[in-house]
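Encoded as structure tokens, the following chain is the form predicted on its own, with no partner shown.
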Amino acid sequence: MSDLIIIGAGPGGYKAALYAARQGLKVTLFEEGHVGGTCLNVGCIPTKTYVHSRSFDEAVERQPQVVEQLRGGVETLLANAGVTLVRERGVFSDAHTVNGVTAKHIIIATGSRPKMLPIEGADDPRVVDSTGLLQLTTLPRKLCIIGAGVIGMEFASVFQRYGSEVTVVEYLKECLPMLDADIAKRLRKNLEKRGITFHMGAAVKGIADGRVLFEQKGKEQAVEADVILMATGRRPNIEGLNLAAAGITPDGRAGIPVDEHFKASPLPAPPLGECPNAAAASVSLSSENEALPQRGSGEGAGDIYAIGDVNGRQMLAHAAEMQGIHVVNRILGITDDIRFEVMPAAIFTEPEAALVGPSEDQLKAEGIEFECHKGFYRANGKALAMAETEGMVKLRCEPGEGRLLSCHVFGAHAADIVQEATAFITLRASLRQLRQTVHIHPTLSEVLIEVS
């Protein structure tokens, strides 16, 4: 018998296992594949290896080396922490038993997989998902990407730099819908200048003989490609778990419905966003996190939780990690102050884009009064010295330079700049307090205090 069973050793699962074991819990972790999940093996880490490699051949060579090194590190950490790693698919036989192991607490952390459009020709051998694209050993001469979300935009940026002729076909009018519309447009225009072709507002109708067929403004068009990447979102991994035996009814669209503490719920809960990173900016600021528990009595004994992509809430590796920590805290009766509505996200194109908090359109839709302050890389000394002057920052706050609400950035090291803003937003600090915080000179982060 274990104190805690975790199904899935991705970022949410293995981080929760390590944290729980270090708190003295006896943990059994089930994983039928490699530890690290999608993020380490076929997602975040491999794609960032591609982003930071000088050529396609270098990326193909480096990717498995980086992945294997990190995978080995995770396995060592689990072993040293005393976590029992069982290399099997976890299957429920009842609400407390998985593969013959019983526990008072169970966490489902089985992640997600690419979602393919149900269109004619989707089974063409030239069509790949993100995993298939990372398995290529020959650089495609012509690459067509269906979808201008995070995955599509990152691969478009990388493969264009490697030398592929890249075309992106997107149903929406603009890329990256969770990002500030002005910044998203600037990013797309920057990529267009580099040679990437975008067809926005285009509905894909099918694939035939290596041609992507789509309709744009009432006109039938086609794009030829050697490889076609289907980057149209992800779907939760819920098959084969025998959830019915645990009394869980999954929502086919969102995965496993959960409450505000990620406890599996019998009632469907809508997802916070359609694309992988959309949830990072689509949650309301109005709750101010009042729903976080004040625990101290081991509330939730015997409950089943679902964290990460499988619950469809915030499909980000770091969101899964923090959800896992929150659940373990709940099991232990520990109060935490994690604010899940403050969830940063990044798009590792070239240049980067990043965000935390709602966009202007979302704030207006919620009826929240705000001020918008802009800053530009071209006025920043470090950006000039780096020859990285293409970029801007948008900070939104309550009127009168009040409490910070959101920060959206386009430019070099955007993710690092947004991470600083995330700390201020988490602490409910004001724009005035940010301006009065001493910043090292010269740094790109000075653009945050130079907004007007």
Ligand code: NAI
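Residue indices: 1-based, along the sequence shown. Note that this is a predicted model, so its numbers are computed, not measured.
What comes next is about the form predicted in complex with the named molecule, which is not displayed.
Three-residue candidate spot I5, G13 and L18; no residue lies within 4.5 angstroms of the named molecule in the model of the complex by any non-hydrogen atom. With the named molecule left out of view, the stretch that reaches within 4.5 Å of it through heavy atoms in the model of the complex is, among 183-191, 254-262, 101-109, 232-240, 232-240.
Proximity to the named molecule in the model of the complex, defined as a heavy atom within 4.5 Å, holds among L172, I338, I334, A365 only for L172. Out of the listed residues M343, L143, L316, V328, L316 is the one that sits within 4.5 Å of the named molecule in the model of the complex by at least one heavy atom. A residue is said to contact a partner when one of its heavy atoms sits within 4.5 Å of a partner heavy atom; V150 meets this definition for the named molecule in the model of the complex. Interface residue remark: F92 is not counted as part of the site for the named molecule in the model of the complex, having no heavy atom within 4.5 Å. Not displayed here, the named molecule is kept clear of E352 by more than 4.5 Å at the level of heavy atoms in the model of the complex. In the model of the complex, the named molecule sits beyond 4.5 Å of every heavy atom of L78.
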